[in-house]
Structure formats: structure tokens, C-alpha cells
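Quick heads-up: it's one chain on its own, the form predicted alone, in C-alpha cells.
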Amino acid sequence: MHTILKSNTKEVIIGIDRPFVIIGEKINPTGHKKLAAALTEGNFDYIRQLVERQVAWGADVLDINVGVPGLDEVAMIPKVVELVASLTDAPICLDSGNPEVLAAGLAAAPGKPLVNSVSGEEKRLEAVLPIVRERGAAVIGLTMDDQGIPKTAEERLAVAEKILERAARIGIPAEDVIIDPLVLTVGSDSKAALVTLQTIELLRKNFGVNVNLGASNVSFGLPDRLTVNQAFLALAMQAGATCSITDPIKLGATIKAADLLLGRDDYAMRFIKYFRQAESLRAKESG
């Protein structure tokens, strides 16, 4: 099953038989004071830097979130979307919990964007899915419902089924729904990553849908978070994850190496190209 995202000039295909897709996470002011300040001040120069650096380091799609307290997000998100679209041909992922913000961003986004996200909560299903359908976008479905995040893989699978059924009911095909099985920190629950990996396997077996991850959550509160994130992401790719909202600068090499080891990179051409490009970027940035 392929999920196809588009800008005006570029198509990105997400699928188990395709290279893993990196959705760059950096245009998100959560915990990012410099970006929050730039958005508040209307300073787009810093946003431009974030776009250019993520694309240079291998981001295939760019996530956009403008959630700053007190900021008029409905007015701001079209401006940021238009800026990003003018700087890169990477498709756009619109990231907000506010349906009005999503609608405003979708109206400005070119091609076929991705919406982040809907969940199995009734209010979210009713508010977000019609917006996605009307725009002809794709959407990430989070495996949580009105009772919260289920503890078992089977329960998360049931939430995914609910999202897929509700989407299908209003005309959104399964290939346009990417399921996020959610990952919690292993620092507080040693089985958290295992449940996520089991959920990925069940999603692939039962529905064949594409699977997204917010991989960095797994290491929250732990030392050497990068190593934990790298290990988890490689395991998740083996289990069937096909894309991730993540940092291409920190995890791009891990992703390219895992693609190579999973047989998705003939003669290691993509890995070697990425290695050379990364070496060049490091030399440029350090100089």
C-alpha cells in the first residue's frame, strides 16, 4: 500500500517497499524557544534556515507547527506554509490540534499535504476527517481514544481499525491514513517500546497500512537519548514502520543504514550518497 504526498513539483511515496520517509520535525516551537520567538516576532529568517538545513540533511517532507501561546495560529500558519513551499519542493505536513488551524494550513498548502493528526477520540474524528476528505489530503491516525492510550497492542489495533473505518465511511481510502502506534518512554515503562513494536507488526499483518512514529518519545528522561532512539528506530523499521516525524540531522544516517540492511538500497548507492553529502555538510557547518 502506497501513501502519496505531493508538492507542486515533487511526489513522495510512502510504502513498505520504498525507502523510509523522513518527516522533518524542526518547525515546531514546542520546547524550541528560538522558533517560538521568531514566530511571535514574525521573523521568517530563522524559519528559512530550518527549512534549508532539514532538506539538506535529507528530510523528504516538512512538518509545520505554529503553536505558540497567544499567537493567532489561524493567521500565522498560511504565512509559514507559503514560505516553506517557496523554499523547497518537499511536501508539507500540517501539525495542529486545532481543526481551524489545520483548515487554514490546508488552504495554503500546495499539492497533497499530510495532516498531523486525528485520533480515535470522537470529537477529533468528527472535526478532522471531513477537513481531510474535503482537501483530498492524507492523515496520521493516532492509536488513542476517549479512554486514553491503550496499554496493549491489540487494543491499539482496535483503535486503528476504528479510525480506518470512520475514514472509509466518508470517502478517505486506507492508503491515505497513516497509523501512528504511539510510543511512550521506556524510562517509566520497560515494555513501552515492545508494545509499540508489536502494534506495528499487527498493523502490517491486519491492515497493510503505512506506519508513522514519533521515535524520540521512547528515550524521554534517559541518558544518551540518541543511542536509544537509533536502536528503537531500526527495530521499528524492521517491524514495518514506513515514516517518522524526526530529526533528519541526528537520525538520517541511522535511517539510511537500516534501509540498506533491509534490502531497500541497491549496491548501497543511497547510503554512500548520503554519507558523502553528510560529510560535506558537517565540514561546511563546522567551518
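Quantities reported herein were computed from a predicted structural model and do not represent experimental measurements. In this text, residue numbers run from 1 along the sequence as written.
Absent from the display: the form predicted together with a further copy of the same chain. The rest refers to it.
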| query | finding |
| --- | --- |
| a further copy of the same chain in the predicted complex: contacting segment from 23-31, 38-46, 63-71, 231-239, heavy atom within 4.5 Å | 231-239 |
| Proximity of R169 to a further copy of the same chain in the predicted complex, heavy atoms at 4.5 Å | no |
| Contact of G208 with a further copy of the same chain in the predicted complex (heavy atom, 4.5 Å) | no |
| Partner contact for V81 in the predicted complex: a further copy of the same chain, 4.5 angstroms, heavy atom | no |
| 4.5 angstroms heavy atom contact with a further copy of the same chain in the predicted complex for A193 | yes |
| Proximity to a further copy of the same chain in the predicted complex, single hit among I245, A59, V218, V51 (heavy atom within 4.5 Å) | V218 |
| Heavy atom contacts to a further copy of the same chain in the predicted complex at 4.5 Å, residues of 240-257 in sequence order | A253, T254, A257 |
